[in-house]
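Here you'll find one protein chain in two forms, each presented separately as structure tokens under the names structure 1 and structure 2.
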Structure 1
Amino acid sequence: MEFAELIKTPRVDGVDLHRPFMPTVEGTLCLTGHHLILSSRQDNTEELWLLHANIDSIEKRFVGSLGTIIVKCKDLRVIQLDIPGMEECLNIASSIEALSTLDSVSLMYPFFYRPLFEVIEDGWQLFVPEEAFKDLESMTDEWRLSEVNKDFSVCPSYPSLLTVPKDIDDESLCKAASFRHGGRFPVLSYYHKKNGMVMMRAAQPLTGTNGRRCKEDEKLINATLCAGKRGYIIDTRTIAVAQQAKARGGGFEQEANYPQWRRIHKAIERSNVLQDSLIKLVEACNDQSHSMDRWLSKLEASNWQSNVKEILTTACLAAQCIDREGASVLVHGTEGTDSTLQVTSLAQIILDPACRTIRGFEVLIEREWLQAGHPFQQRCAQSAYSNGKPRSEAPVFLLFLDCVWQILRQFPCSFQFNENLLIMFFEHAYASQFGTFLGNCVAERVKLQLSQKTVSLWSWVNRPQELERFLNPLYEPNNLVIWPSVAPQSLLLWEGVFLRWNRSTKCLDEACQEMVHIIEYNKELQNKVNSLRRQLAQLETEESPLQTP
């Protein structure tokens, strides 16, 4: 196997592993094709198994012949390995560097991983567009499932099946596609059962500087409006950015051509800005200076919380247009694969109680992120510690998860899952043994044959023994729309991710356990009381004939 060439020293003894808030472990370091393993060979000490793919960057230092490698991971953890012997240390470092930056997707761990559990329910079948369409059909007959993108030629980043207005034929779809960035013509994202309003998503229209128009595109989106009704177009960019896009062939919908639509511009940052924000935030969280001023000013300068606020506000606006204004909405930014998906998926969490269940949330990620063509492979190639020049990395998905966490904090009883599920998705989006987040779009995944060659994350998560960890003990289904506060006072730093490795969580974990205990004890009593109550009732009814002869 070609990995062997990259591993110059497969094994070093006497290595010290330092992790924050954990005792130092001394043991043997082993490198395999996909893992960095440190084992003390003692029964009660935890071993370290680290996926190479999880390594964001490394630093090496030498004091005499003792080498130190600082490993910075994509899940934001920082660990330190003290390796005796300069040559060993250099070899290990260069092997880790090579193994953690493999270019070929097919060399990634998911292609080699064999599950130790039995796959009961194949996660690759979690979301089937045909079945979802059946549900839609039971509510409305205005839509159809189009196969126009069967071979991914109309829009390479879309899936093969798309839900579009019934009255628009495939030919018009092709024309509309040619008028939208990357061929991403407007498609259905969400149908609001309560009032029949819809949310569509697309990429920017290619109006260019001379104001091109496309009758089919206009017709397509107008077909989603009821007679005499208006809709809203939410452009996730500021008007200035949208204007500038014209020079590069992009643009926005002109009022004259879309008279039934009102456009609202918001200011969600582009992906490269978000990456910078993440790097600054993580740097602030790791700052050792212990100074309050420095912490707050760095936190502010990172702009992370501003980004959270802006994304959440835009999602609330979309949800508000649909639920409160009773209007349909079209959401787009530039490519329609980043901020657009943040907004459409968050709006659904606000509007649709189903998305707040574990399965519903998984389906949402599958539908609105994976199938909708968010380029996970590109965006999650590197995380906050990357020191190379950024290509297309960006924490778009992490920001989405952060926003979900904010809503979860404000509605702690309305979600079936807890924070752990969100953190787990963050980890797996950046490095995983499962194939779910590989590739950038459905077309790539089909080509990689992921569903045949790798295991789906959902196959693992949805097993009852795993699910238990992700259940929110306070959950009580809430069928209503939930409106979060987006005021700065209400938005918190997501400590579970950003301070996860910088503090001991013992006390907080104990609190979670106590919460579970309180609720389980209540359930137990409830059961006991009910059963006794019934026993008594039964006994009493049986006694009565005896007593009254």
Structure 2
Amino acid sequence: MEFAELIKTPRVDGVDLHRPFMPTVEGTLCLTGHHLILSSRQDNTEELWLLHANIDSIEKRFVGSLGTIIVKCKDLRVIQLDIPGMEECLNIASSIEALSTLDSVSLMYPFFYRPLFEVIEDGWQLFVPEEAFKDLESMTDEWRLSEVNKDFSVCPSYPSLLTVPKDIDDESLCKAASFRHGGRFPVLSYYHKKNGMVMMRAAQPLTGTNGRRCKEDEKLINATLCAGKRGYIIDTRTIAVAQQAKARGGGFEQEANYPQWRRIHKAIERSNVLQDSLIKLVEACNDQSHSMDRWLSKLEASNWQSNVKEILTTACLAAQCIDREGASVLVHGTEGTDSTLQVTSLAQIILDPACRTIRGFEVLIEREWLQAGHPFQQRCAQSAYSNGKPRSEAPVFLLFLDCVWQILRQFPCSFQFNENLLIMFFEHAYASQFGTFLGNCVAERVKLQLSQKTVSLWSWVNRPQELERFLNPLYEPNNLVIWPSVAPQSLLLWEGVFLRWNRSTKCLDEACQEMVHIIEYNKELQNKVNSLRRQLAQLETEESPLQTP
């Protein structure tokens, strides 16, 4: 298919662009296969380059011969285009709708994007399982790298290399996989070097109404326990939801078959509920016609902050079991690709200071989200404005980033990165020129040949000139476990995402700039103090021989 077939009117002059807190721009609107571009001849005017993939929905309005298109984006931006001529407006609108809803992954922009920067580091090699396993081997000899899934036949959503207990052979892994939803048998997520406890993740067991069991699965998770120790199974579903799953062939671990494990049920919402929560939240944030009480009521009705609280609470529980109780943990929900990954990755941020660095956080996303099989292509197909009927869309990754922001806000000196990095990940998960978030699992990315045909997001982010804007000026390495508060008054609305386009950030930007200047000035003064101390010590040393009788 040629993109030209979908573009009925490639160019219109005299278009007015309206954006929040920015002056109106008049210019020429151009449509290409992947971008909506508005350029102006006015001096010092910023051009608009908008990926069609970033467009969630559009609305058309007409007053006489003047047409208006309201473009609602997946990054929650809303812009207005005033287009002279009804026919031109209708043509532009239908072209945008067609180009922003292409189903074929291979027609997406990452396959056509050619970077203007030199690729110094290949981001596709950011996380290499063999290298990560060497670090694990230096701490323990109880694990091995298995190639049981090398052709993705045992579990389509798992990567080809998996870390499993050394005493469990591949045949047992295959039997355990047949007992878990989607073949997602328990694998290592995190090793806590302080006490040797581990966190594993999986999907629900397929016990069904007959109480089916699997000796290999029992042996697999028991292999992670030390002698005389008990473990915790954290099921991210309520007991009622888990009971209902049994009727559909799923279920949970029976105490009689897993006597060394205590099962704890939490209440993290399913993906379809989360999508509705996001829609209500964005609707509340965009509605400025109500009183404060009414606005707060709408905010509460969205249940977004309740979802943040429940996910953080569950992550804190997992971290507490590992660090304070000295117990190993298995985390799963239904599929093991959504709430499970939220919990395991947040628990690691709480426990492991390496995950609070830029590189460590990138590796965490690569390992616990991309390689662990979170279906980004499905979950991020639509955002809060889409008019289409939701299919598998859900803001699972955005909720994770929101939880990270909550911890970052409570521990502002413990993270090497600032919220700009989190916002950037949110934007690129929904629409990007890079191939990192395309596909739903490693198997799909291998089939699409993303590492050969597209550029990795990490190749761009890790360039020194880009890293600079993601650095937190308050950062002081903190090797301690950090325990975030989940009290309602401690959890705030993430204004950097949800109110970003609804109010000017000028004052906040100026405050951040001033903070950076103060920190730099403080460093200068500290260097002067150190220099004067050295000079004083040197003078005292020179004077002491003269004072000797």
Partner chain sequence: MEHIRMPKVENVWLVDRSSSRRTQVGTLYLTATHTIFVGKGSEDRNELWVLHSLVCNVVKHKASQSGYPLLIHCKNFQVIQFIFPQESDCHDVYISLSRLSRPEKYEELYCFSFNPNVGKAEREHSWDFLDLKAEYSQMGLPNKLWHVSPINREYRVCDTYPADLFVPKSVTLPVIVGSSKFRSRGRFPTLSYYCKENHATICRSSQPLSGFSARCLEDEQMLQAIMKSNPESRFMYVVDTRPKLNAMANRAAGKGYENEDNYCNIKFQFIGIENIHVMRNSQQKLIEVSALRSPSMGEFLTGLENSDWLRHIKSIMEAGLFISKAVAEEGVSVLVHCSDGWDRTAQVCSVASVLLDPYYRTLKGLMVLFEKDWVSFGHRFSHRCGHLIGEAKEVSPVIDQFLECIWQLMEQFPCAFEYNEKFLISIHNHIYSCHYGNFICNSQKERKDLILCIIKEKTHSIWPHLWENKLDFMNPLFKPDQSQNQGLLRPSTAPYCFKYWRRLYNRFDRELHPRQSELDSLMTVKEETQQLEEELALYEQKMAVLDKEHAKTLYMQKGVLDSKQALWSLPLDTSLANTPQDYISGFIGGAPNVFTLQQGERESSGVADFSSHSSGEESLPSEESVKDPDSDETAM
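None of the values given here were measured: they were computed from a predicted structure. The term rigid core refers to the most C-alpha atoms you can superpose between the two forms while keeping them within 1.5 Å. The first residue in the sequence of structure 1 is number 1, and each one after it adds one.
Of the two forms shown, the form predicted on its own is structure 2. Relative to the superposed core, R61 undergoes a C-alpha shift smaller than 2 Å between structure 1 and structure 2. Here L532 counts as shifted, since its C-alpha moves by at least 2 Å between structure 1 and structure 2 after the core is aligned.
In the core-superposed comparison between structure 1 and structure 2, Q513 has its Cα shifted by less than 2 Å. For K523, the displacement of the CA atom between structure 1 and structure 2, after superposition on the rigid core, amounts to 2.5 Å.
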